[in-house]
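The data below hold one chain only, encoded as structure tokens and taken in the form predicted on its own.
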Amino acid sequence: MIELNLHENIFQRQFDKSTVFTNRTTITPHYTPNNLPFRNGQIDAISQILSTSLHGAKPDNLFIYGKVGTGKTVTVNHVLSQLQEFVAHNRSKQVDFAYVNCRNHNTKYKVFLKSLSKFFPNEDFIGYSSAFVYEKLLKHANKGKQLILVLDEVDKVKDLDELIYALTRSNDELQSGGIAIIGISNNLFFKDKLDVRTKSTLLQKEMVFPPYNAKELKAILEERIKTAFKTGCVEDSALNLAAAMAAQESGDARAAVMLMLRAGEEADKSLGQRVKDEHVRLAKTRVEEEVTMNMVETLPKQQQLVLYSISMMTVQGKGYGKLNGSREEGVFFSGDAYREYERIASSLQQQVVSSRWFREYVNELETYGLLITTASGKGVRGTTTLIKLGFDAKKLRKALEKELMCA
């Protein structure tokens, strides 16, 4: 056992340790690089839509979809920073925007408050009525301004119908200026739940961000490695392995970046001078859990309910019975899973979707690797779909309870 010197400062000891990093920040998922590889087409398309505002006209509403880690938010923020820079140098252009994370600001009122805090940074509107803050937003636009509201994770808004309808119809009340929406979501189908009246007011354009492939992820990692790691500290084989693993799992750039970050930490932990394949493999388990938990937190509410129902059944040791009398724990008939979903959704006073939508959600969760489905075979009466979890049931249940019970 190594004895610690109580007279030595513990942080001095940590500071003196050798490391493979030069700037760890640039290999974290929260860092926004100046260059966004493989998103030039999306950048051009978004900037073209928003450029209408520079001519004093309201841009089209835009909805952007894609899995976690496909660059949706970072691309939009890059375009907005360019827009802000242009407007700062061209004072005659009356354009303003606000970014709202709807996971944190998940009601119409909270979205309005967050937007106003950007437009009026020196004023506090907490405590004012919803009607007041809405009118304040309209008055700001009525000065001839084109307002762009970026609603990230827009499907998390509880009264989404009311929010979208209010913002789209607000343009009918404005004598000058306008309000446009950029909605960002992981859920391609969330608009299908909107009221027909709301959808008819949207007049939106849509854009889907595809996952990155291994070649693209390698290029993204190469750019990050240049600033994050000491020269020559990352072996080429480790870089290739990290890119291949992330591409195979999800095509998630954030997952690839996290994998390389954790691999660097594993190298430091082993006092190695280089990041090797073995460090990437050691990091994989840690990253898989982090990415999965992050993904679960960002899932639409209905998909969370579906996943929670199946995780509950798994934890309780339920399963399906075969014709020979044996049981298969952790594997469920789709009908049984749907009935459990109905029960849980009702108990949480959430909308219960049809069995058709339930199957859609199951299929989408399977593409994320959170569920595994198969057609029933021998030993089962009739033909149906069997469902099982693709991740640790207890960890999923705990994470989902935190999301659903605090919503």
Ligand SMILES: Nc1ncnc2c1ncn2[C@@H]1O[C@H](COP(=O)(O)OP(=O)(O)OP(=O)(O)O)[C@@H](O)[C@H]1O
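Keep in mind it's a predicted model, so treat the numbers as computed, not measured. In this text, rigid core is short for the largest set of C-alphas that superpose within 1.5 Å between two forms. From 1 onward, residues are counted along the sequence shown.
Below: the form predicted together with the named molecule, not depicted.
Among heavy atoms of residue 31, some come within 4.5 Å of the named molecule in the predicted bound form. In the predicted bound form, the named molecule stays beyond 4.5 Å of every heavy atom belonging to residue 46. Proximity of residue 112 to the named molecule in the predicted bound form falls outside the 4.5 Å heavy atom cutoff.
A residue is said to contact a partner when one of its heavy atoms sits within 4.5 Å of a partner heavy atom; residue 56 fails this definition for the named molecule in the predicted bound form, lying far away. Exactly one of the stretches 199 to 207, 251 to 259, 302 to 310, 119 to 127 approaches the named molecule in the predicted bound form with heavy atoms within 4.5 Å, and it is 251 to 259. Judged against the named molecule in the predicted bound form with a 4.5 angstroms heavy atom cut-off, the residues 37, 68 and 74 are in contact without exception. 186 is the sole member of 146, 314, 186, 106 with a non-hydrogen atom lying within 4.5 angstroms of the named molecule in the predicted bound form. This chain is displayed alone, yet in the predicted bound form one of 157, 220, 228, 166 has a heavy atom within 4.5 Å of the named molecule; that residue is 220. Residue 153 is the only member of 127 to 162 with a non-hydrogen atom no more than 4.5 angstroms from the named molecule in the predicted bound form.
A movement of the C-alpha atom of residue 291 reaching 2 angstroms or beyond is seen between this form and the one not shown when the two forms are aligned on their rigid core.
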